[in-house]
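Next up is one chain by itself, shown in C-alpha cells, the form predicted on its own.
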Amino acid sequence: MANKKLDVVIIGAGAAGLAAARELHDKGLDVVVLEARDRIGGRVWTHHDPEAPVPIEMGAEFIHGSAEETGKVIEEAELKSFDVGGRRCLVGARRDQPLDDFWEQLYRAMHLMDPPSRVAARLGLRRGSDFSVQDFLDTKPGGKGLVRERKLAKQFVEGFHAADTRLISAKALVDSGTPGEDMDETRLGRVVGGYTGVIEAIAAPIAMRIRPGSVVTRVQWSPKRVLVEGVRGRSRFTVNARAAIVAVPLGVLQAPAFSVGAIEFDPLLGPAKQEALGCLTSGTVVRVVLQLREALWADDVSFMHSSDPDFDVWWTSYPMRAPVIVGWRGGPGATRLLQMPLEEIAARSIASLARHLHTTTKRVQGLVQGVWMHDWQNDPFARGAYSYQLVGGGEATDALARPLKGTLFFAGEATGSGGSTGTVDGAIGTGRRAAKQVLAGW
C-alpha cells in the first residue's frame, strides 16, 4: 500500500465509514477506507442464495421509521423499498390472539417512564438519577391492569434493543422517544434486493479507495498527523494522513489489547473517551433464517410474538409470499443460546418455530431447505449486534462522537443521537456528520 500522505484515512467500511468517505471524496479530499473484512458493509450483509426466493439478511434487515439518511441513498440510487405491514399475533399454548395493537400496548407501559424524575422518586433516588428499565418495571407501573403490557415492554427492550433490562438506561430510552408515541417512527421497511444495495450505492463512486482485508492494529496520532499501521494478508502496511475517522463497531473499540481486531491508540484516547466507552455496551442477538419447502403460516402474518424460551419473535417475508422466516432472540436469552454450538441453536430454532405454528418439530424439520445464521457476538470485527447506553450513560454517545484535537473523528451507530443508535440510518448519519466535522476544520 502506497505510503504517501493522504487527507483522511477511514477505518471501517460499514455504513458509517463509507458514508463519511463518500462525503469527503465528493468534496475533493484524498481518502482511503481500510476494512478488516474481505467485504464491505460491516453488520449489513445480504446473502444471495440461488435456491432462496428472497435475499437472506445475515445482519441488518429493516428500515426503521422515517430513516431520512437511508431514504436519500435509496432515492439517489433509484433503489426500491417497501413497507412491511401485515398482521401481528401473540402465540399462546393453545390458541393465538391478534396483536395488531402491538405499538399501542407497548406505549401504555413505556410512556410511564416519562418523566424519569417521577420514577426516580418512586425508587427512592435523587431527582435526576438514572435507573434501569428493570428498576422501572419492578415498580409495576400501571398496576394489575398493565401486566400484559409490562411483559411486552420487557420483551421489546430485550429484542428490539438487544439489551439486558437490568443494565439499559431508562433515561436514554425516554430521550430517544417512547415506542408508539409517534406512529410514523414505528414503520418498518425493507430494501428490494437486500440491504447491501444501500451499501453498494454509497460505495460505488469510491470503490477504488476501499482496501478490504486491511486489519488495522495501531493508530499513532498527534495534531494534524495520523499514522495507521496494520496487516493485509501476510504483509504489514502503514498509511499516513492528516486526519482519521474511526468507524468501527463499539465492541471493537472496547476489545482487549492484542486481541484479534483490537486497535491500539498512541497516545490513548483519554479519560473522556474511556468513560464514554465504559457507559456503553453492545447488545446480544441471535437470528436464524429458515427456508422451508412451503409456508406453514397464514399469508398475511408478518410477526409472531410469544413467551417461547428460545426464540420469542418470528417474522415472515410479508408482503413477499415466500417460505422464509426469521427467528429472533435478543438480550440475556441470546447470551444463553450463544453458549451452545451453532448446530444446537439451529435445532432449537426449528423446535421453536414448530411451537409457534402448533405443529411437530419433526414436521418442520422435514420441510427445512436452508438455515442461515451468523454469530456477531464472537465475530472479532463486530463483537456484538448494536449498542445501547448503560445506566448513567445518557451522555456517552455524544462524548464518544466528539473529535480529538481536530485529528481523530468518530462515527458509527454507537455515536448516534436522538434514538438513532442501533440503526443503519443512524450509522449513515454519523458518517456524514464526521465528514462535516473534518471539513469544518480543514
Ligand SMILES: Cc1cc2nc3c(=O)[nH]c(=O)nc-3n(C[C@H](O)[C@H](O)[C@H](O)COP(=O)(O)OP(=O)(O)OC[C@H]3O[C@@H](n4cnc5c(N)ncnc54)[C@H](O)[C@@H]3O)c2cc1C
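When you see a residue number, it is the position in the sequence shown, counting from 1. None of these values were measured; they are calculated from a predicted model.
FYI, the form predicted together with the named molecule isn't displayed, but the following is about it.
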Location of the named molecule contact in the model of the complex, chosen stretch of 249 to 257, 88 to 96, 303 to 311, 362 to 370 [non-hydrogen atom, 4.5 Å]: 249 to 257
Within 4.5 Å, heavy atoms only: does Y388 come near the named molecule in the model of the complex? no
Partner contact for R287 in the model of the complex: the named molecule, 4.5 angstroms, heavy atom: yes
Can you check whether G393 is within 4.5 Å of the named molecule in the model of the complex, heavy atom basis? no
Non-hydrogen atom contact W328 with the named molecule in the model of the complex at 4.5 angstroms: yes
Heavy atom within 4.5 Å of the named molecule in the model of the complex, from candidates V9, A13, L24, A434, belongs to A13
The named molecule: the contacting residue among P323, G194, P141, G261 in the model of the complex [heavy atom, 4.5 Å]: G261
Sequence order please: the residues of 62 to 87 with a heavy atom within 4.5 Å of the named molecule in the model of the complex. F62, H64
